[in-house]
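Form predicted alone, single chain, as structure tokens, below.
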Amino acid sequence: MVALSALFLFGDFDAEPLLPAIHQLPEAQSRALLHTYRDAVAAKRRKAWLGFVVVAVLYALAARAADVRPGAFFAHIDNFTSYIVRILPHLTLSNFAGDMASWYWNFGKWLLLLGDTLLAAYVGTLLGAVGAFLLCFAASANLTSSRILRALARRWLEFCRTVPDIVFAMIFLIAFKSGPMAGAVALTVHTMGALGKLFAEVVENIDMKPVEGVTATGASWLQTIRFAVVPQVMQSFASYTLLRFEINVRSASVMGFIGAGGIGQEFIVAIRSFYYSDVSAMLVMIIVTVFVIDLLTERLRHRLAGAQAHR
């Protein structure tokens, strides 16, 4: 015991270290492992190159079928840049206010048309969200046992979102003639289909324990949705609806190109008439509006997501 204590205190520096010895693999086994590793790396590289070649071939075929020619793009890129230069306004510091007034000479009318675009997007988003809300529960597999009802709801939502909104607008223009109403109805139908799918997916991922609890009390199907499902999904529904409103503002601007009213209709007239400064003026108004809506809806969506995370 005394000898062990002395060894602990003063140490035996001449003794061999107590660390376990690292044994080296036999030469044949090391070569086999290294060969296996190199084969695995080579196989991974071959797969990566094969994937790259497949993507390149598909790109070439798609570009040929769609008549997309990179050579033509670079040959005529100067037309694009020259058009951008032509639509830029002539602003000077010495007469900035006067130049701005000249640039936005028709600001009042453009602002009213932009308001029409926003209202069409708002109406289309609101009515479409209501339609999606009413249909999403019937399209959810965890709430609707009837396959026929579920299939009907899903097929209708698929039809609404498969047809592009601008095609709906062209169809509704025949009925409503020109004006924002055709655009609003088109956005309503397309929004119903797009939001209906998202809403149904949210419903299918809810916690089913509250549903089972409410059902056990003898509640009806509608009462179960009201008290067990809606409280779980409303914040996600609101977040998706805000995102859709942002998308619909851009879509409503484009629908004006075909006569569905709003600032898009005036915008396409300016492009066709070569009113360069008017094109840039309206383009800036649209971009700023979309930026502001994007910022506001993003902040609201994050606040809703944060509130949902803290529940």
Partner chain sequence: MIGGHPPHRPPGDVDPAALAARYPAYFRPSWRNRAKVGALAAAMLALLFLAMVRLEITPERFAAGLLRLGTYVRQMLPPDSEGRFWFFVEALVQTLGIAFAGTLTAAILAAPVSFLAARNIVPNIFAHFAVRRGLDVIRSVDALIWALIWINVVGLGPFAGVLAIICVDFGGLGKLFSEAIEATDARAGEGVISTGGNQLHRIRFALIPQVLPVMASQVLYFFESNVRSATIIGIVGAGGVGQYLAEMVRMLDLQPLGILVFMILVTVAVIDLISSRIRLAIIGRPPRS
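Residue numbers count along the first chain shown, from 1. This is a predicted model, so every value here is computed, not measured.
Keep in mind that the form predicted in complex with its partner chain is missing from the display, and what follows is about it.
Of the residues given (96, 107, 227, 83), 83 alone sits with a heavy atom within 4.5 Å of its partner chain in the model of the complex. In summary, among the residues 162, 102, 220, 146, the only one with a non-hydrogen atom within 4.5 Å of its partner chain in the model of the complex is 162. Between 210 to 218, 227 to 235, 132 to 140, 109 to 117, the stretch whose residues reach within 4.5 angstroms of its partner chain in the model of the complex through a non-hydrogen atom is 109 to 117. Though the partner is left out of this view, residue 28 does not reach within 4.5 Å of its partner chain in the model of the complex, counting heavy atoms only. For the chain shown alone, residue 185 is a contact residue for its partner chain in the model of the complex, at least one non-hydrogen atom being within 4.5 angstroms. In the model of the complex, its partner chain sits within 4.5 Å of a heavy atom belonging to residue 76. Taking non-hydrogen atoms only, residue 180 approaches its partner chain to within 4.5 angstroms in the model of the complex. In the model of the complex, the residues of 114 to 153 lying within 4.5 Å of its partner chain by at least one heavy atom are, in order, 116, 119, 120, 122, 123, 126, 127.
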